[in-house]
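The structure tokens that follow cover one protein chain in two forms, given apart as structure 1 and structure 2.
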Structure 1
Amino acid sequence: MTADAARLPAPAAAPAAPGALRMLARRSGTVLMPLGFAVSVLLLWEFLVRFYAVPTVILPAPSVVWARILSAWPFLLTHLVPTTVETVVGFLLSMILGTTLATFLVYGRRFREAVYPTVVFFQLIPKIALAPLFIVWLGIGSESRLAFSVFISFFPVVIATMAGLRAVPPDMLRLCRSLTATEAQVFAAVRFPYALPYIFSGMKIAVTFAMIGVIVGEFITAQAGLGYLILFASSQAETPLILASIATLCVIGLVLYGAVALAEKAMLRWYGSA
């Protein structure tokens, strides 16, 4: 039996699990499909501009915009820094203000009845129309841009946080009360973990709104920043530089959005493992 067993062929390696292959294909698709669509749009743009000989001042080809980015990169980098810093600071302030206000609105019924209608009313006002008022109130420095950025970006955080704090199953709250848990313990161990997906959904919207607020402020008052650069390039009919600045803004927005998404995964993993 031992000799016969020795002559038997070695067992073949086990094939990869279908679930793992399916997951790998799904993850690759989430990256390759958007990338392929973007490349297709850029190639179509390049072809149409060159085929119809569209003047560069009206619509430059993507290759022209890329060449302008490379040639003006030190200049773009100089203006990129203040825009990014003010966007991050405005987003962080809106996140702190939004979550704090939402917590008070959820826990204080009288406070909610008095304050929430006013918050909604201010959000119904066209925000661009209020930008000059922030300049009058706070001057032409970064304070007015930060205040305007916070003003237009904190509301999504408020709404999302309120929805998350209210999304806790009633049975879970009754269990906490039966265990004589305090409100602070319920908030830290139950309400806040349940609200995390909602909070990060609001933060993903707020980070884009924060950038919009900074750019609008730079259109009006700044002497530096990508918003100022776009306005300056438009006055010089520098369409490639305008699109180069917009492309740089898109990259910043994607990086900030990705940072929020990574923070969401880390927080959910932390609370899930706990």
Structure 2
Amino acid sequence: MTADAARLPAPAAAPAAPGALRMLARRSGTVLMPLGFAVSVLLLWEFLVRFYAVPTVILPAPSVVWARILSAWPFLLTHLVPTTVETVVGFLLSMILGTTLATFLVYGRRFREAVYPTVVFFQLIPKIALAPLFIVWLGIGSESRLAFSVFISFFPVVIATMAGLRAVPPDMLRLCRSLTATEAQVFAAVRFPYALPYIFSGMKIAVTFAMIGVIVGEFITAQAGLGYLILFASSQAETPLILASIATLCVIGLVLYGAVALAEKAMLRWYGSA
């Protein structure tokens, strides 16, 4: 029977089919499989919650969370805005601070010797524990959350930028020296562009850390924001709202990360893979 089928003349639409099928097959590893797995987990969750009649306050089914997202949408939206804005601002500040600090650390030997150990020390301690101090010093406004967000997210930028600024091939630096280029010229034309791929990998870490910083800040003190909403909902034992807020956070996190990843892609296209 298969042999017969093979001998049959191809239907008119056939030329497109193998192409589409091949694409599906190619995509299956990167898109279909993970998607299938995630859907299976959600279905299993839904099934288990219903089957064992788990109380909603302990664990609501995905369908209940989804319904809560829809019903609380305007509410989620107003709380999503400050969290997103503070994350973005914290991220941008930590990029500026991180790249600047890294530049000074790479160029100033004395500065590096004096400052670098302290910078590393603050990374080795559990930074979250310091969050209340930021509130004590900077108050309950967004300043303290921003500062904490920067504090938590700038280190990966420093490390990545330092590595990047030092990644220039020694022969390239010899050439610059031979041409009597100034250090400012070398930085602008050689070192900084060479560092860009490194900086972007630091950025991808920083953007997720920046959000963690803001949420922790909101847990401690805030009148708005998704972290505040999570805390508020838990005080009301409103588990579906907690999960709805977390789901919203995940989406924001993905969008912000995706934006950085897209920018990275554009940068790498400009950079030209070696």
Partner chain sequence: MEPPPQIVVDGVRKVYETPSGPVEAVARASFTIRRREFVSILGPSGCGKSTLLMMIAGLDPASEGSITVDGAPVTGPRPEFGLVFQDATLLPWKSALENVLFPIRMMRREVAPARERAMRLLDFVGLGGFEGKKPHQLSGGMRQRVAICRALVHDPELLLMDEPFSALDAITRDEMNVALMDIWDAYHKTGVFITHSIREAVFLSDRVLVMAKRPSTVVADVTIPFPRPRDMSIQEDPEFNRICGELRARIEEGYARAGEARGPRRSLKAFA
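Remember, it's a predicted structure, so these values are computed and weren't measured experimentally. Each form is matched to the other, and the largest set of C-alpha atoms that superpose within 1.5 Å is called the rigid core. Numbers follow structure 1, counted from its first residue as 1.
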| query | finding |
| --- | --- |
| Matching structure (the form predicted together with its partner chain), either 1 or 2 | 2 |
| Per-residue C-alpha change between structure 1 and structure 2, Q223, threshold 2 Å, rigid core fit | no |
| C-alpha of A266 off by 2 Å or more between structure 1 and structure 2 on rigid core | yes |
| Displacement in Å of the C-alpha of S40 between structure 1 and structure 2, rigid core kept as reference | 3.0 |
